[in-house]
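Here's a solo chain for you in structure tokens, the form predicted on its own.
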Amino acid sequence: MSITYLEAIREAQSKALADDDNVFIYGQDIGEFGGAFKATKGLIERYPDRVRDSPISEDAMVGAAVGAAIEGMRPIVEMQFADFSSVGFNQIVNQAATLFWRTQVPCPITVRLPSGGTPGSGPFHSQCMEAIYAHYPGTVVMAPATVEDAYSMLLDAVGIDDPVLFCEHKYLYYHLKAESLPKRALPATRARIARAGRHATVVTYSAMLHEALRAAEGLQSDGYEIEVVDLRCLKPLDIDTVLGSVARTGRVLALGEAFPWGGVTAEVISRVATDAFHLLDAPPARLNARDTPIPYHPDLWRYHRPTASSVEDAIRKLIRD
């Protein structure tokens, strides 16, 4: 029996609630309705006092979670869409992220951000907000790309004493399945080598991992062995794993679905250029979504974001340089 990425998130929340009475879930329509994507479906029946519907105010949701964390609770806040978290931006970056540094009181909140695009979602329900939150000291930013990581990393997130932005990709909710949930897992802040190779490295995360793996598979018929690094956690960034891969291949492409300006891929390229310039056989490259609002039409959306085909093209150019 297989389990989906979304079901893994639901099971992780259920386990967190079962294991610790201080955990509760707070968000819009997460109770009887089960959440916008049904990530909390059925949990209110098992934990009626700890699955709470919130007002339609992301600012109030995060503020209440910060207050609860000060009192020893470990809230999980569900945003209906990552885009809407900007309404709670002040609470996240000026309250949650700074709390420990101002007061020595930890702020163990987990904010779940349904991120990224799906066909027809358009500019208000498709954004990737991870780089914005990673900019601020005091936050942890996770972006699981597999069913197994969606489960294990969410459990790790709830156990961390710092505020965690948990960027779960909506496109993966039902498109990704695994045979079972993991009993053991790599620490959430470690990157992993998703595919070994020797001709070039692709550094990526979230849904783009699967585009990178498909591109690597397509290039194999041409004799190219492409290494793929799944970052998993974006803040802190496991740059050692990235640099180790670049040392093996001599070429790097940073790949992300987010807008290019000031993003995770820009940070990866900056760190590689600074710390591993001597290891490079070609200029480092990156590939992101186009620097425009995200289109509604499914065909335009597919053109807007990187795909396996465009990743293949970028890798071929990188190897030829």
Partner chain sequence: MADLATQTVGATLDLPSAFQEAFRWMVLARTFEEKIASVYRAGKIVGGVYVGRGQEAFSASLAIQLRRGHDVYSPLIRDMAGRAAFGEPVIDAARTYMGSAKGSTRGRDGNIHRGAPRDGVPAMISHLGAMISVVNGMLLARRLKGTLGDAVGATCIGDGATSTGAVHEALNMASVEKLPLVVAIANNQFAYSTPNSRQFACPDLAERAAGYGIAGTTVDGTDLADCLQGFAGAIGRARAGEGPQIVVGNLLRLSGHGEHDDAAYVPDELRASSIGQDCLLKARKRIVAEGWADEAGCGEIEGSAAAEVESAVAKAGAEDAPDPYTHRWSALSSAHFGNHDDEAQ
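Numbering follows the first chain given and starts at 1. For clarity, every value in this text was computed on a predicted model and none was experimentally measured.
The protein also exists as the form predicted together with its partner chain; that form is not presented, and the subsequent description refers to it.
- Contact with its partner chain in the predicted complex holds for none of Ser180, Asp291 and Asp313, as no heavy atom of theirs lies within 4.5 Å.
- Although the partner is absent here, Pro55 lies within 4.5 Å of its partner chain in the predicted complex, judged by heavy atoms.
- Proximity of Gly34 to its partner chain in the predicted complex falls outside the 4.5 Å heavy atom cutoff.
- Its partner chain in the predicted complex is approached by Ile239, whose closest heavy atom lies within 4.5 angstroms of it.
- Taking non-hydrogen atoms only, Ala196 never approaches its partner chain to within 4.5 angstroms in the predicted complex.
- For its partner chain in the predicted complex, the listed stretch (122-130, 222-230, 202-210, 71-79) containing residues with heavy atoms inside 4.5 Å is 71-79.
- Taking Val87, Ala185, Ala247, Leu155 one by one, only a single residue has any non-hydrogen atom within 4.5 Å of its partner chain in the predicted complex, and it is Val87.
- Shown without its partner, the chain has Arg271, Asp275 in segment 266-283 as residues with a non-hydrogen atom within 4.5 angstroms of its partner chain in the predicted complex.
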